[in-house]
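First, one chain by itself: the form predicted on its own, in structure tokens.
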């Protein structure tokens, strides 16, 4: 196996970008309104459909590249994944609608916070890393008062992936819309938009698809479109302009956007999505799973504690508790002395754990080398760790 040298960059997004992606972003300026950029958008749309695990489309302009033979369309959003989620929420709900948002980490809580700006929210807050109580969610849905359920599918703050299939099944049974923040799952974990009957979902470029930061995408079905259209026509829409979904929709058939898009970022992302197509979506899912399983088993065997419930640990990020006597000084030293980057914890867990990303195009070699450096750094901080064959875990 090839040795990995140089920096190990193991953060759960933004992830390292491929050279082809970087080169594409170095393209000289083009106009957003000419045929050239329509070519870029058509290629990007086709790649987005692939990453969202939808039916294919031709990467050619004037062929409705954003649509396939299912009921879904895709749309690029010039902004991070949070902008994509805001676009979904602000356009889809009226101020009086009630939505259900269960959470077990920071990014789910952010979805709940966002919803509060645009509609009414029942926020069920579970401890970080604890699985949702599906029985409790079902009891809520039995009340038939919710317009939708929104979840953060993969919670990078706590290293847990929700049981989206079970929640989707419940939403279908109670005829409630299901909306997915898939910012750190789509392209890296098995996501089945069609069979889960997801009404709309968001992804961010800089996570599982290894694109640039600052551009994102949504996918949505005809029910989502009809609902947004009705709300706008009845003039009951939330205050928005830049993220107006109907304005963007009107431009979609023409491989266009209503305002100047993030042109060079779109070029880079289109290239990153071509690389995903080359690898194969399921191959990427399997590689992320293989890397995260290796990390989890290695640290568990060495006596570390993982934050997330055993049955639902994420394949794109692992949240590992620091042993007694170790804090974020370890992480600074790991970066400065061992040229390896992982990320710390947020909010009430700051200084108590670290998180290792296994998404994007991260290789097995880089993960093995990164883990060796982490263990060496723990030893240098006085934490006793036996010599262990790290390769064997991968």
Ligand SMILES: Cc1ncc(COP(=O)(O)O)c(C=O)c1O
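Owing to the predicted nature of the structure, the values given are computational and were not obtained by experimental measurement. Numbering follows the first chain given and starts at 1.
Same protein, other form: the form predicted together with this ligand, not shown, and the subject of what follows.
Taking the partner from elsewhere, every residue among 82, 181 and 184 has a non-hydrogen atom within 4.5 angstroms of this ligand in the predicted bound form. The chain is drawn here without this ligand; in the predicted bound form, the stretch among 243-251, 302-310, 103-111, 281-289 whose residues come within 4.5 Å of it by any heavy atom is 103-111. Residue-level contacts in the predicted bound form: of 257, 206, 162, 177, one residue has a heavy atom within 4.5 Å of this ligand, and it is 206. A heavy atom within 4.5 Å of this ligand in the predicted bound form is found for exactly one of 272, 77, 201, 152: 152. Although the partner is absent here, residue 156 sits close enough that one of its heavy atoms falls within 4.5 Å of this ligand in the predicted bound form.
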